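First, one chain by itself: the form predicted alone, in structure tokens.
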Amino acid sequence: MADQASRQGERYASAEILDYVARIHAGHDAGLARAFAVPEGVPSIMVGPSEGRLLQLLARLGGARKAVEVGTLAGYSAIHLARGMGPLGRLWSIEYDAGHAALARDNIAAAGLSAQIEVRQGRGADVLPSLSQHAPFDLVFLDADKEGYPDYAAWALEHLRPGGLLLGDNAFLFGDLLAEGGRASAMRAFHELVASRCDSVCIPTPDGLVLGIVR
């Protein structure tokens, strides 16, 4: 019965319905609209409006005050997370591409959040150790190179407080999660690591969002 209901649910969620609920529940103000409308040459691969709103609400529900994001792009998800944490929150966001990092800083400043969000440019594996001094964290969000997820998650699990949130986007790997090859194997290793250390679920967003609560 549950499988049948799930299949029916997929049919019910038409593009028109998804557009409607995003507009009603996850509308953009000027700050979010600016970060979402990336300029030519920047890939439009950030989370969608509903997923961004979900990140914001999870940060708020979890009482997050210190968070790390791996994968900034134009700052869209960073703005959502910082808003969820409130004015006392602090987010360190890591972006590999220098041009994207500069764009994100501009968008974050336009949203009035420069005091709460620090964008650090570099490889996640290189930057994360420099943030260890600020642990324990309340939330870590991964939305970067998928091969790196197991290593990023291992770092996060060592630096999150008990009850902290570990989130990973693109958990279905664009439909290739069960494929052969290194990237799919890495993503499955991420799923299995989170499940072994957290109370977890993979939320069926368009490309899957892993949510783990550290035990």
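All figures in this text were calculated on a predicted structure; none of them were measured in a lab. In case it trips you up, residue 1 is the first one in the sequence shown, and so on.
One more form of this protein should be noted, the form predicted together with ligand SAH, which is absent from this view; the next part is about it.
Residues of just one listed stretch (185-193, 63-71, 158-166, 25-33) have heavy atoms within 4.5 Å of ligand SAH in the predicted complex: 63-71. Contact annotation: G112 falls outside 4.5 Å of ligand SAH in the predicted complex, judged by heavy atom distances. By the criterion of a heavy atom within 4.5 Å, D138 is excluded from the residues contacting ligand SAH in the predicted complex. Taking the partner from the other structure, ligand SAH in the predicted complex has a heavy atom within 4.5 Å of a heavy atom of G122. In the predicted complex, ligand SAH sits within 4.5 Å of a heavy atom of I45. Only one of M85, A144, I117, A104 comes within 4.5 Å of ligand SAH in the predicted complex through a heavy atom, and that residue is A144. Taking ligand SAH as it sits in the predicted complex, the stretch 186-215 never comes within 4.5 angstroms of it through any non-hydrogen atom.
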